[in-house]
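One chain follows as structure tokens, the form predicted alone.
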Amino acid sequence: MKRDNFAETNISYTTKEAIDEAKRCLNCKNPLCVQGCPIEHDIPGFIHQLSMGNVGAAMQIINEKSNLPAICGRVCPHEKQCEGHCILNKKDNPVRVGKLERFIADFDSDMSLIKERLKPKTRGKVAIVGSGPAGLTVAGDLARGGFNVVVFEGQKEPGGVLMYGIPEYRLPKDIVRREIKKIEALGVTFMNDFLIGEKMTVDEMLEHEFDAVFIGSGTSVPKTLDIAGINLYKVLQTSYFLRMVNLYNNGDISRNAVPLIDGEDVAIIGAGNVAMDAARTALRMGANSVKIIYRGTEETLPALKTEYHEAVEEGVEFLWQSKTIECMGENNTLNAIRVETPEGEKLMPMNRVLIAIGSKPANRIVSTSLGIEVNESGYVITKEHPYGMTTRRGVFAGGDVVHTPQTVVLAMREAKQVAKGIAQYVDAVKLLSQ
């Protein structure tokens, strides 16, 4: 079912290439790469082990900080983080930390090198709502710490944005499934097709069997624009488009169900990484042309430079310092857009418009639970002590449902802190009840 042009674009190292690249690491006394990593990976440590061919030892070091190394190695913004801080970046040739992390994780999985010693699950029982990067991180950390963890996912497969939001060419879904299987092997139970707020509420979870609940449900409600014609047919949200393409590539839906027809001219409003994903995906699905309409300049582009350059190479066009002021159509169907550009207003024939200006949390879980407060923008309010607890005792939250949407690794950093907060809370409650 998967189209050949959705093959992964970032090709992995061979073993020799990986070891040769690892040998370039200077083992700095004060490694700037670690400072640039949100979860403070021991980057020189695992690279040094790899440079000697000790892939298993390298994997053990990675496991101390990350539950999703094969994913982070592919989709983290390395150029802004570890690689951007590498001392060799001054010569525009940093050690390729991301590709090395992914090589180690892939090699470990292919060879089944690491089998972790598991602690008995006697410390308490925790429910995780949502199986995106934050939920998976909390689940893995708590399971390693001796907790019985159950993850509730509303979709038919776990993974959240990793499975349904990031295109196949950047993150193959088999890699996501493999990383989730590793977390399952830690003793984590996954309950799929289980929508919290409908099948069960947070209140019922706490009343019956769980000592704590973590909400990591992300931001599932896309933001829209207040312009004329925004509700025309063929004007849609990027998140919906990417989800449908991923379902098509998984073989879950037919090509006809994907909201893009071969030969269409497509405009994308927004210029973040999701907009780049949508633009490159649209071309892969047969779009005739794709234009990204952005208010700013190339210098202020929110997307990663690598994503921008790859989009340009693939044929995406950019309209700088421009904004869409109207979507126009006949019979309630889009056929053109009016755009304000530095040269003046332009009327552009267009078959489809994709909106990529961000998202916000849904309120289904919060509205069906007692005492969980949100701010004026709908994000869940949490405390510092214990870290990540909401205004409802025993209920924690993290990731995009607490902060505006961020990268995978930033969601993980936050989630690791919340996992510690949950462990402290459950331990304290059990101690007080003795």
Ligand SMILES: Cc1cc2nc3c(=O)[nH]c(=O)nc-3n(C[C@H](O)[C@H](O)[C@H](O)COP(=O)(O)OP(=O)(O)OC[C@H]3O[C@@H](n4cnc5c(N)ncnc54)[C@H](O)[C@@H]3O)c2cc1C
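It should be emphasised that the depicted structure is a prediction, and the values quoted were computed from it without experimental measurement. Numbers for residues come from their place in the sequence shown, where the first is 1.
What follows is about the form predicted together with this ligand, which we do not show.
Chemist: Using a 4.5 Å heavy atom cut-off, which of 331 to 339, 210 to 218, 295 to 303, 118 to 126 contacts this ligand in the predicted bound form?
Modeler: Selected stretch: 210 to 218.
Chemist: Is Gly98 part of the interface with this ligand in the predicted bound form - any heavy atom within 4.5 Å?
Modeler: Contact with this ligand, no.
Chemist: Any of the heavy atoms of Leu50 lying within 4.5 Å of this ligand in the predicted bound form?
Modeler: Outside the cut-off, so no.
Chemist: Quick one: is Ala185 in contact with this ligand in the predicted bound form, heavy atoms, 4.5 Å cut-off?
Modeler: Contact check for Ala185: no, nothing within 4.5 Å of this ligand in the predicted bound form.
Chemist: Look up in the predicted bound form whether Phe190 has a non-hydrogen atom within 4.5 angstroms of this ligand, and give yes or no.
Modeler: Heavy-atom contact with this ligand at 4.5 Å: absent for Phe190.
Chemist: Of these, Leu260, Val75, Ile355, Val176, which has a heavy atom no more than 4.5 Å from this ligand in the predicted bound form?
Modeler: Here the answer is residue option Val75.
Chemist: Which one of Ala271, Ala143, Ile196, Ala287 is close to this ligand in the predicted bound form, taking close to mean a heavy atom within 4.5 Å?
Modeler: Here the answer is residue option Ile196.
Chemist: Each of Pro31, Gly84 and Asn89 near this ligand in the predicted bound form, meaning some heavy atom within 4.5 Å?
Modeler: The answer is no: none of the three residues contacts the partner (heavy atom, 4.5 Å cut-off).
Chemist: With the partner left out here, which residues of 411 to 434 have a non-hydrogen atom within 4.5 Å of this ligand in the predicted bound form?
Modeler: The stretch touches the partner through Ala411 alone.
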